[in-house]
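Just the one chain here, laid out as structure tokens, in the form predicted alone.
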Amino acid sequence: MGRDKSRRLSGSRDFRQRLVLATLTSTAVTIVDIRSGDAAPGLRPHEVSLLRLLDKISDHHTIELNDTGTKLKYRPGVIIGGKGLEHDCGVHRGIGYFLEPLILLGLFARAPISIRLKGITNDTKDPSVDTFRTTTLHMLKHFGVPLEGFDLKIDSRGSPPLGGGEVSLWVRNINSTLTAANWVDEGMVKRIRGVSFATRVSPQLQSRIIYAARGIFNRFIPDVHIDKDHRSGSAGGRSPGYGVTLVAETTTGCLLSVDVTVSCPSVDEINEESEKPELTSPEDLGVQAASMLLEEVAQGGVVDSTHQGLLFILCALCPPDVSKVRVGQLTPYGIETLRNIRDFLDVKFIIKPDPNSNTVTLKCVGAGVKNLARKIS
């Protein structure tokens, strides 16, 4: 996992992923020049919130941040997990920003994690909580992790800008290691599933979204079912919004998902002098979401473009055995992930494009990361 157990990094790029990999490899990191040239230098509120979250699930670690927030020293400790935890994610990024680190770190924790997260459940920046519930968690079974003990319950939804959503997450730790994956056959799409949500707006918007999306899908496949989840009052958070999460399930058990969300500013947020912003109509949103999912299917691969980074990290964490996966066109985030894996885990992928299908096959020998926290407990 690398000879030098400390690294000096610069800038704010891949901040979340660097901290996760540093924690999993017990590598001390010093990050300097964090937006030092910006008008507002230093860490952003959601990055500080991530540090607080790491503090809650870890022990024997140190986090040192200078006054301007432009320099961070982080020495990981033991991932202890814990029950009955709570964390306010804030409103600058969605809850999805915090879920991926929790899942990865929870696998290698001393005890299972049970945590209640508050904030924005559906936005345009991060994968929605619906995507994590329907798609992300199911990726783990391809790496030998049974899904018993994993769950994500949406207690209330929260749209930007004020949030107000709450979810409960359960992550089970593993006994020792993951299992190397040979996951290259995405199969054919056999059904489309999804959920359309609406918070503090008319439930009729959901029907319009679903009707428009089905109008696209029914040209190709008859098995399409999109649920409705309308929330009002406290269960609908503090801001109006609507959107849809769609999932394509294939004959080989692959799940490809997309999210589209529209948040409506409240009356208090619209100044008298400013014009009311023009929002995407439910019909256009349904067509947009359906088209995005069809594009993900056309790209090929066993995961959608959003999950490439997580897929590569799971492969790299596996025992010293060959993992082989196939994805569509590599995303910029996926490429950055491969670089971070090389730096922290000393794992390099063999990348082989397939010009016939426009997909990319990647192979690596895992770093053999073990759950040592559980052994010493």
Partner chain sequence: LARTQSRRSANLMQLVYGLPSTKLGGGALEENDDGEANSSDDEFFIPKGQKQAKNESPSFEDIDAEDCSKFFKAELRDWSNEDLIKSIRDRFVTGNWSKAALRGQDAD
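Please read all numbers here as calculations on a predicted model, not as lab measurements. Residue numbers count along the first chain shown, from 1.
Heads up, the form predicted together with the partner chain isn't pictured, but that's what we're talking about next.
K.L.:
Determine which one of 22-30, 345-353, 59-67, 314-322 lies within 4.5 Å of the partner chain in the model of the complex, judging by heavy atom distances; exactly one does.
P.N.:
Of the options, only 345-353 has residues within 4.5 Å of the partner.
K.L.:
Contact check in the model of the complex: Phe132, Lys141 and Ala367 versus the partner chain, with a cutoff of 4.5 Å between any heavy atoms. Do all three pass?
P.N.:
No, because Phe132, Lys141 and Ala367 lack any heavy atom that approaches the partner chain to within 4.5 Å in the model of the complex.
K.L.:
Since exactly one of Ser114, Thr177, Ser156, Gln299 fits, which has a heavy atom within 4.5 Å of the partner chain in the model of the complex?
P.N.:
Only one option qualifies, and that one is Gln299.
K.L.:
Do Gly187 and the partner chain come within 4.5 Å of each other in the model of the complex, heavy atoms counted?
P.N.:
It does: once the partner chain is placed as it appears in the model of the complex, Gly187 has a heavy atom within 4.5 Å of it.
K.L.:
If we define contact as a non-hydrogen atom of the residue within 4.5 angstroms of the partner, is Asp229 a contact of the partner chain in the model of the complex?
P.N.:
Although the partner chain is absent here, Asp229 would stay clear of it in the model of the complex, with no heavy atoms inside 4.5 Å.
K.L.:
Given that the partner is absent here, does Leu294 sit within 4.5 Å of the partner chain in the model of the complex, heavy atoms only?
P.N.:
Within the cut-off, so yes.
K.L.:
Looking at the partner-bound form in the model of the complex, is Val48 within 4.5 Å of the partner chain by any heavy atom?
P.N.:
Looking in the model of the complex, residue contacts with the partner chain do not include Val48, since no heavy atom lies within 4.5 Å.
K.L.:
Just to make sure I understand: among 96-130, which residues lie within 4.5 Å of the partner chain in the model of the complex, judging by heavy atoms?
P.N.:
Tyr97, Glu100, Asp123, Thr124, Lys125, Asp126, Pro127 sit within 4.5 Å of the partner.
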